[in-house]
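A single chain comes next, written as structure tokens; it is the form predicted alone.
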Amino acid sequence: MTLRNYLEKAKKEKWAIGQFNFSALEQLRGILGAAQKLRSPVILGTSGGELGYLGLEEVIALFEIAKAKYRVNAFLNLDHGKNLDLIKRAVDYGFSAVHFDGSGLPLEKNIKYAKKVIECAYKKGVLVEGELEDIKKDNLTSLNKAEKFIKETKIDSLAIAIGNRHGFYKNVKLNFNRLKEIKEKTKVFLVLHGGSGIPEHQIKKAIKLGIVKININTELRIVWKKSLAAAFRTRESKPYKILAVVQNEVQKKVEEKIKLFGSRNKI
């Protein structure tokens, strides 16, 4: 099963694949441990900043070793790629998908650069995700812009703004009418960024209405930091014991999200 197969399956059966970002080994192991336990496909996200810290070659090596060890269907995605050279390197190194973030560009430039990414990625069967508006509280994806962008680029997936925001925020209210409109007028895979903190009932409704991929990053960072801080307050000094606790807490959070997204037992 390829990532495209799973996204198509999720779209048909009304569940979503979680993308969980990592920038530390405990996060990677926690994500894959949850995927293994619950028999769920997962997407491992890594942004330009995260790659800058870990290193592209190191990420590929860690991913391949860990995937083989845990025996799960996991896929690597470059998250919020803005540098075309980095995106090309990710494609060449074997990422399953890349996210071209042209949200800060005028529509025509976004289309122009998205086409360049697609030309490079599609030669190797790599999926491409696009983004139109900066995803924050007051922005909603324009239906007309979305239709034009999709038609001219032939992109696979689109990250949409429907009241969601990057980071962790309370009192998020998703605009389901806009989601319905986009779903009715487009055929691409619809992605919800900023999944951290969105109330569960809204997540479930968004999936029912067509969201097939949900990005989680900030919640994992918060769990990582809090569990590490708690471990430091003990008398324990052995890193492998401290970090094992952190890994376990990350896994619990990912398991919670997998169950919420409905991807359990989909392998």
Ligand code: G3H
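Every value quoted in this text rests on a predicted model; they were computed, and no experiment measured them. Numbering starts at 1 and runs along the sequence shown.
In what follows, reference is made to the form predicted together with ligand G3H, a form of this protein that is not presented.
At least one heavy atom of Ile216 is located within 4.5 Å of ligand G3H in the predicted complex.
Looking at Lys151, you'd find every heavy atom of it more than 4.5 angstroms from ligand G3H in the predicted complex. Proximity of Lys112 to ligand G3H in the predicted complex falls outside the 4.5 Å heavy atom cutoff. In the predicted complex, no heavy atom of Gly81 sits within 4.5 Å of ligand G3H. Between ligand G3H and the residues Gly167, Gly94, Gly104, Gly125, the one pair within 4.5 Å by heavy atoms in the predicted complex involves Gly167.
Look at 143-151, 187-195, 81-89, 68-76: in the predicted complex, residues with non-hydrogen atoms within 4.5 angstroms of ligand G3H sit in 187-195.
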